[in-house]
Structures are given as structure tokens and as C-alpha cells.
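Before any questions on how it binds or moves, here is one chain, the form predicted alone, in C-alpha cells.
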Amino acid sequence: MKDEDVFTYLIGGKAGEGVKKAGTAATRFFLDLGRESFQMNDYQSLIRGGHNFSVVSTSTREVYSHHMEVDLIVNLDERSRDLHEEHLAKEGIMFYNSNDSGERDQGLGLPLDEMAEEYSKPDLIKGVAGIAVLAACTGMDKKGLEDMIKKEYSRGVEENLSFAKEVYKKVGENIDETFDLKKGKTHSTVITGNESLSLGAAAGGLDIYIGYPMTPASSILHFFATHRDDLNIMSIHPENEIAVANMAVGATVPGARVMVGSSGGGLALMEEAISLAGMTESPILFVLGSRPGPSTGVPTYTEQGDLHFALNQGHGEFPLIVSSPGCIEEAFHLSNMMLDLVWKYQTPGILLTEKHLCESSMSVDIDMKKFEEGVFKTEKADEDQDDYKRYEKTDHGISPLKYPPSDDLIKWNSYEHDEMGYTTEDPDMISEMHDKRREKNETLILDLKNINCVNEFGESTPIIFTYGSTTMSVREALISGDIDAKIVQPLFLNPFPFWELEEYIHEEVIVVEQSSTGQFASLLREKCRVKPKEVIRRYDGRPFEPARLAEKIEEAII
């Protein structure tokens, strides 16, 4: 059943036709109306051709994920028409490129190829048609259309305006009524998950971002490079992922806060350096943006198949902090917190997320009251301290940090070492250093017990466990399906917050995840003996669609 509180707009076409740009412009249009929005971009790993679409769901209430029962569809080519006509809502309107699709019984044809031929960039300008259609179908006047085109398509604005007005006029002549979109009261902004986690890290004192482009983490590098001067953060693009991780280890020695990002294939190349960071006690935050694997997999789509991979990074034993944000706003706070944590505990950490969160856009209003800079304070050595020991044994396992320049010897070592950092093969010292690193992990657990490590939404049964970006889909599904349930979402996956989940040991729970083997369900059984009644899985590279997910949840409840 369609959620009547939600209006959904979709534009589809080939790569290079301005599909994503039109979706972004639509999202900003809804934001100007004071409405909440969620934008999801679906694209193939192609620069030109193939099939792309952008879908935006908007409401006066919060929208946590996109819907695929669409009120207004604009198809720029025949393939889009064939793929998306099944997504049209009962009272929806669909437009298609009649030059490419031919005349059809369903929908309204527009001769977009013919109209675009008059302009200097006929392929790219077709995306502007999507905005002109949206303007006409929502009752925007010509002045509003002109203002929006000038704002969103400032390059070649005269041609864009001319084409948009031509499409707007044709649409107006062929529709009897328009969609009435109620104005909302939001004053939020729209950002992607990658932008959110980048800003959170920046607010946490990030000094350097090092990355090698790999979807869906590539846009983090682009973001920091674009805003280098605004944020005063250095962005570095080395020759490969191995160089990325090793440079990050080196950058921590003089005290630089460093974050790196990649997908599963890139992190696999970084794995040895993650162990290096574990031994040298280097505080580095790794962002793992998951996509379907193994190997190259499906590069531009989403999945949660890297959970076990993230939890078991590195050879040997050392503390590894793994967390996963459940929405775009949470990505800001969690990346900020993770930077503090890895620095306090002088150990690597992984912020695990997925393409659905990384590249989707959502209206957010960052609550800075939740943001407390330096919640987890770094242990710094007294400058006057004599005989500084880089790996000094302490009651909590955390050694005080000192940075060059200094009169003291500061020795970081990848080999097993003594407190000073000198290489050792002495059995007693080897055991003591293992104990030291293990003690850090025990102290970390005590620290985490003092903060919220699990989100809960709702009070009713059934109980639904999920994590990461799938949380957005589940939250939207419960609203869409009018289902009373309780969502339980662990923020931290290692150490796993079993102390907050013990109450669910004897409960019948439903698990929702995007893994073919049920990795999250296995983790729940292993860490806190929670035995799922049902595991709802999707692993075709696409995020859950709320209405279909609501149906699956209702089936699992029965």
C-alpha cells in the first residue's frame, strides 16, 4: 500500500544525461518547500550510456529512505520507460521520450530528442526536462521555474532556460491537474552520508584525509579536496591503497589526526597496514564503504557482506574498534566520536557503512548539543617527563603520547618491542605487551559502557534487530506499513555491546540485513545468544524498498 504522506519523484536515463543532477535539483526544490527528503541514486559503472535513475521521496514528516511506488516519473529513454512503468503509483503520472520510446498507451510522450537537438549539448540538456516536468506538475509558475533553473543550472543558463520553458509549456498543455505539495516547516539542509561523516571528522579535529578512489568512498576524497581551504584539512591521493594506509601510519607519529577511506577491495590491500597500526599503536580511522563482492563485485551498488571482513581485519591480536552509523545524521556524530576513540586508545578503528548511506542524500539538522568535542581524551605525556617510554605499561594499557620535536627518543616499532620501543624477542616482554594491548581493550569496554552504544526506536513487539544503512529502510518500512515494533540497532560492532542486549536473550526477534549468509544474525548469536526467529535478507545490490520490506516484516510477525 502506498504511503499517502509521501510524494516520490523519479527520473531515469543514460549516464551523461544529467539524471543525478535533476534528482539533486528536485531535492533542493522540496527543501525550499520546507519538506523533508531522501534521494537515492542508482547507476551502473559506466561513464556514458547504460541506465541511471535518481529517486526522491519527500514528505512533511521525516523520510528515512526512498520509496519505489512513484507519483511522478520522467523517462529520458526507452530503457527507463520499460524499467520504471511498473513503479508508477495508481494515481501517478509518467512522461517519456517519445522520440526514443515511440508512442505508448500509458503515460505522456514528449519529443525530447527532437527538442534537445536545437541546443549545444543535446544529451546533457535532457536532464533539465526532468525539472521542467516537476515544476509544471506541482503548479510552479514560470517565475519559479526561471529562478530554479538559474539556481541549479547556472552554466549555459540561457539555453537551459529556453529548453525548460519549452518543456514546461508542453507539459502544461497535456495535464489536467497538478500535485498539491503541502509546505513543511523544516529548516534543515541536504547532505550525503559521505559528506556527513567527513564533516563529523572535520569537527573532531581531522588533519589529513588520505584516499585512493574506490566507489562508494571516492566522494570523501573529492569532498576534502574541494573544501581544503574551508576546512584546513590536507587531502592526499597516493598511487594505491597500500601507500594510503602506510602513509596514514606515518602521519600519526608527529600527531596528525588521519582518516582514510575505501571499499572492501581497497581495504583488503590495507589489511597488513592495519596490523601495523595495531602493533605500533597508531590511531587511524578507516572508512569502509561496502558494496557487493567478492572481488570487483557490483561496484556501484550496496550490500552488507563486509561485516565479518571488517570485524576480523588484521593478523595477530590487538584492539580494533568497529562502528556503523544508522542514518546520515548519525554518520556525523559517529565519525567524530570514532576519531576521539582511536586516539584515546591508540589503535585503528573502522567506520563501517554502505553505498546506500554513503551516496544517498537526506535532509538533516545536525544537533550540535549532541556534539561534545574531546569526549574521549588522548593521554598526552608530560613535556617535563624524563625517560619517556612510547609503550609505557599503565593500569589501563594506554601509554602517554609525546610528539616530535622533543629532546626525548620517541620510537614507534612494528616489531614486538619493550616499553621504550626497542625490538624484543624476550618471552616475558612479549607476554607483557600482549597483556598491555588486551588491557586497552578491557578499558575500552568500560568506557563504552558509559555511553549509548545501541539505538532503540519504538516500544512494542516484535523486536527487529538491524544495523548500518538498513536501519533507515526499517524505520521507513514501519512508518509506511503502520507497524508497531521496536527497532534495536547496535552502533558498535566491535567491541560488541552485549551488556545492552542481554535483555533480548530469550526474546523472539526478527533480523533485517543485506547479507546472503546472515552475517549480522550470526554475530548476534555468537556475542549475546540472541536467536532470531526470522532473518529477512536482501542481497541483489539494491536497498530494501520500504513498502515491500513492510510486507516481509508482517509475514514474519504472523
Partner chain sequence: MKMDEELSVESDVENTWCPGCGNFGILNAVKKAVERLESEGFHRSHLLISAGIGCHGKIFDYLNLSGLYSLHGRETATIQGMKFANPSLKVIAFGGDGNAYGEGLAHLIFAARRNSDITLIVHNNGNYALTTGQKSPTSIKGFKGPSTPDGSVEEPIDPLDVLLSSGAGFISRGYPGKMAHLTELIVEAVKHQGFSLVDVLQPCVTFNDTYEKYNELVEVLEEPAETRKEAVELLEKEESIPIGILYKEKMPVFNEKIYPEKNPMEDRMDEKERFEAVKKILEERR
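Numbering follows the first chain given and starts at 1. The structure displayed is predicted, hence computed values, not measured ones.
Keep in mind that the form predicted together with its partner chain is missing from the display, and what follows is about it.
Colleague: Heavy atoms within 4.5 Å of its partner chain in the predicted complex: which stretch in 454-462, 323-331, 185-193, 109-117 meets that?
Modeller: So the stretch in question is 185-193.
Colleague: Any chance all of 213, 294 and 298 sit within 4.5 Å of its partner chain in the predicted complex, going by non-hydrogen atoms?
Modeller: Contact check failed for every one of 213, 294 and 298.
Colleague: Within 4.5 Å of its partner chain in the predicted complex, heavy atoms considered, which of 102, 139, 250, 427?
Modeller: Exactly one listed residue reaches within 4.5 Å, namely 250.
Colleague: Note which of 179, 412, 309, 376 lies within 4.5 Å of its partner chain in the predicted complex, where distance is taken over heavy atoms; exactly one does.
Modeller: Answer to the contact question: 412.
Colleague: So in the predicted complex, does residue 316 come within 4.5 Å of its partner chain, heavy atom to heavy atom?
Modeller: Output for residue 316 is no: heavy atoms all beyond 4.5 Å of its partner chain.
Colleague: Classify residue 87 as contacting or not contacting its partner chain in the predicted complex by the rule of any non-hydrogen atom within 4.5 angstroms, answering yes or no.
Modeller: Contact check for residue 87: no, nothing within 4.5 Å of its partner chain in the predicted complex.
Colleague: Is residue 143 close to its partner chain in the predicted complex, meaning a heavy atom pair under 4.5 Å apart or at it?
Modeller: Close contact is absent here: in the predicted complex, residue 143 is far from its partner chain, nothing within 4.5 Å, heavy atoms only.
Colleague: Contact with its partner chain in the predicted complex for residue 31, defined as at least one heavy atom pair within 4.5 Å: yes or no?
Modeller: Flag for residue 31 set to yes.
Colleague: Can you name the residues of 289-328 that have a heavy atom within 4.5 Å of its partner chain in the predicted complex?
Modeller: Contacting residues: none.
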